[in-house]
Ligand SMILES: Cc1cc2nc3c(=O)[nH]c(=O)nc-3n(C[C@H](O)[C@H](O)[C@H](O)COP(=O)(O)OP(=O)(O)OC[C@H]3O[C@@H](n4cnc5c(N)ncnc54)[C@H](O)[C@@H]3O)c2cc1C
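Read the single chain below, which is given as structure tokens and is the form predicted on its own.
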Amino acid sequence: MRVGIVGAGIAGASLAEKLARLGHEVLLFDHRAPWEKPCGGGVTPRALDDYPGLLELPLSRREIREVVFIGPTGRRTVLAMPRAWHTVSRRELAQVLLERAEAAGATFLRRRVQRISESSGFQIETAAENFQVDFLVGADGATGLTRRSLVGKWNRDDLCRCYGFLLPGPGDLRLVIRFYSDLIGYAWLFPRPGQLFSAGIAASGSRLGREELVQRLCRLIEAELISSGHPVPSFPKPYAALLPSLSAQSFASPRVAGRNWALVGDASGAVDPVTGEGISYAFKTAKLLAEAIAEDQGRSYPERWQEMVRLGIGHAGAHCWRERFYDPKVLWLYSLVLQRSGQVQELTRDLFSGRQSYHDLKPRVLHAIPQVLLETLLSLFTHRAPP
């Protein structure tokens, strides 16, 4: 079967490799790959559990052992991570995956796809040439041409706005996550390999404009660098992107595939609506689609995708965990007990590392409440935080 994949990021390139190894003729289109992605680069322990081969790829990486959480009032909690996070260059990762796809037999075409039309399969049109394929895959992001052509645009409630920078920075900068009382989302600083760090801010459904969000991010960068005794770099023009953060309705009735076509990665909406983690889901959706194509020419992919999210990110969407967690009162209380309760610290480690399923998150929270209250009260009276 001749498969056309639009987008050579993580999902597209890893799928291209898998399908080429299965004997399919694979055409992989992307006019800019490999590219750097300032908002990405964090690889959680869960992603490494699911894809242990990531550590074997020839990539420079940064090991993260501490995460600083800053609450809406500025309350800081430093959490040691029993298992390291890693950050990587998204350009390097994309380059390695692209090389693996080509080595497996996929054909990479550095061309911009201008139009997609259905005709005995699909026709992919570029400025120089048109290509006929039997099966079409959209891996070109949440707002890419493939999704727009096959499904249409996302609803506004299904997207979050992201702004950020990739900046030179000190080698001792810690990973920082900052919450705000009026934001469904957060700001972050991620140390990167090579004396760099990525900084960004993501907001779902916020009335705050671009200028205010970018100013908040710049103030966070300045505060963290100045407090650690480092100079503040000049800020270039920030990047801007729209990323999926699906509502309950969209998770309940996703459109991720149809007759001879499918969407993977961000294009399918497979991103954690609470933490924003997407790398592991890029790999997962590519794996699921490759398996479906091998078994039934892709017809079972929607069911496989739905089963993947059912107990995880789809459960978070259906039960409105995003809206609940980012409620201002919940965030204020969370930042208070996070500083004082070992139970909440352990839950936070598991949630942001990808090891805590949303399916059993509520029972765990309810079970922990008595111990959390006891730890918090003891800490308040003794003025001690848990180790």
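For clarity, every value in this text was computed on a predicted model and none was experimentally measured. The first residue of the sequence shown is number 1, and the count goes up from there.
The form predicted together with the ligand is left out here; the points below concern that form.
Please state whether every one of the three residues Phe179, Ile221 and Arg322 places a non-hydrogen atom within 4.5 angstroms of the ligand in the model of the complex. Looking in the model of the complex, the three residues Phe179, Ile221 and Arg322 all stay beyond 4.5 Å of the ligand (heavy atoms).
Out of the stretches listed (350 to 358, 25 to 33, 58 to 66, 325 to 333), which one is close to the ligand in the model of the complex, meaning heavy atoms within 4.5 Å? Contact criterion met by 25 to 33 only.
I'd like to know if Pro273 sits close to the ligand in the model of the complex, meaning any non-hydrogen atom pair within 4.5 angstroms. Answer no; every heavy atom of Pro273 is more than 4.5 Å from the ligand in the model of the complex.
Check Tyr239 for me: does it contact the ligand in the model of the complex (non-hydrogen atoms, 4.5 angstroms)? Looking in the model of the complex, residue contacts with the ligand include Tyr239, since a heavy atom lies within 4.5 Å.
Against the ligand in the model of the complex, would Trp261 count as a contact residue? Criterion: heavy atoms within 4.5 Å. Output for Trp261 is no: heavy atoms all beyond 4.5 Å of the ligand.
Check Arg216 for me: does it contact the ligand in the model of the complex (non-hydrogen atoms, 4.5 angstroms)? No, no contact at 4.5 Å.
Counting non-hydrogen atoms within 4.5 angstroms of the ligand in the model of the complex, say which of Glu277, Glu102, Asp134, Glu291 makes the cut. Here the answer is residue option Glu277.
Which one of His315, Arg174, Arg111, Lys287 is close to the ligand in the model of the complex, taking close to mean a heavy atom within 4.5 Å? After the contact test, the surviving option is Arg111.
Even though the chain is shown alone, can you say which residues of 167 to 206 have a heavy atom within 4.5 Å of the ligand in the model of the complex? Sequence-ordered list: Trp188, Phe190.
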